[in-house]
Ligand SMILES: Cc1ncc(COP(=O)(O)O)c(C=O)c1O
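Presented as structure tokens, the chain that follows is alone, the form predicted on its own.
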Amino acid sequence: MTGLPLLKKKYFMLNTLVRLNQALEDRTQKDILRRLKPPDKGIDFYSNDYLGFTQNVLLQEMLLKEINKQPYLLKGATGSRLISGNTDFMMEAEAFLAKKHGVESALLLPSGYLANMAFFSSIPQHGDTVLMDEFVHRSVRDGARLSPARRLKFAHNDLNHLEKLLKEVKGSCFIAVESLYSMEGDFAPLEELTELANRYQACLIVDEAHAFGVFGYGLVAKKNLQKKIFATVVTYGKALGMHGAAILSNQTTISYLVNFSSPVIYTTGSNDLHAMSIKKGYDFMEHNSTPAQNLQNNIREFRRIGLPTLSDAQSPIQTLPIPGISAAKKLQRHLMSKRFLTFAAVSPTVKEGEERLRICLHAFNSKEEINQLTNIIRDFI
């Protein structure tokens, strides 16, 4: 009798592997299989290192000097922040961030994905509704899926569609947007969204992942909307060249997350090196405005060529519509053969038929590189 359950278990394991392999084969056939590979060598037009901080020698020397002065910064967290993983240094960093952004409180997490998961999985409750821009980041959607709240999408940056949904909502409502969209390279109408949220007593949450650093402390701060927005998520793995993220909000919300959000409660805390690097990154950004100015100059140079981009004129993300997986991949590979690194955004990252080439501009790209890139693209399309 013992042999039968064992055979049954082996059958189900085999069946599962067959199913997994079939899914992978399907992606291989469509030329959309993802693989981990060493970084490509070439001219960077695809990373999120907008200000070039990851390769800035002065910033590296500043961090190294601080580590030499305080080598204990390198120690691990040893546990979750509610047990042994919290430190005075981490709490000082959070107070520093709250003050910089003009909010009551801040909560550091290991990544922007985890920050959105932490917020949207725990704050919305039964009877609540989360209204998400259709192009909002996957981390928001994944977090909301873990919550018991109702989830609805509104057409991208469509205030009329959003208002129509707001009129039908019962219970508390949360509106989720990005200030700068990562696959479109366009901006959310933050002032109008804020006014709409306030009119319908909804809570607006803004993901600033791609705007922070490019536009100072982000577009929420730039437009002085901190007091009108329920929560902001800023991430440090892009323009700041560091790692991690912070949720910026009122004290009650941050305290609630510490008490009820599983990604906060059950995650090993980050070490003090993480907090120190973020603080030093802010200081460096404040005293070095040239990279942000160079970035905007490079964006203007790219836009001067007149390629058919979908993106805003001030965005470091410029996307070109190249419908069809094969066409988008072909252009990306052609550029790679010329040593230009770009990103072909295809299904399932974007909808089928809406494939595109995403170009990320940086402070360190030269005018000659931009002109070479755009000439190759113009000749190809």
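A quick note: this is a predicted structure, and the numbers were derived from the prediction, not measured. Sequential numbering from 1, following the sequence displayed.
Unshown form predicted together with the named molecule; subsequent notes refer to it.
T235 is the sole member of T232, T235, S311, S261 with a non-hydrogen atom within 4.5 Å of the named molecule in the model of the complex.
Contact with the named molecule in the model of the complex, judged by any heavy atom within 4.5 Å, is made by just one of S182, T267, S121, N298: S182. Stretch-level contact check against the named molecule in the model of the complex with heavy atoms at 4.5 Å: of 301 to 309, 104 to 112, 125 to 133, 251 to 259, the positive one is 104 to 112. Residue contact check for S139: one or more of its heavy atoms lie within 4.5 Å of the named molecule in the model of the complex. Proximity of I247 to the named molecule in the model of the complex falls outside the 4.5 Å heavy atom cutoff.
A residue is said to contact a partner when one of its heavy atoms sits within 4.5 Å of a partner heavy atom; I175 fails this definition for the named molecule in the model of the complex, lying far away. Proximity of A209 to the named molecule in the model of the complex: non-hydrogen atoms within 4.5 Å are present.
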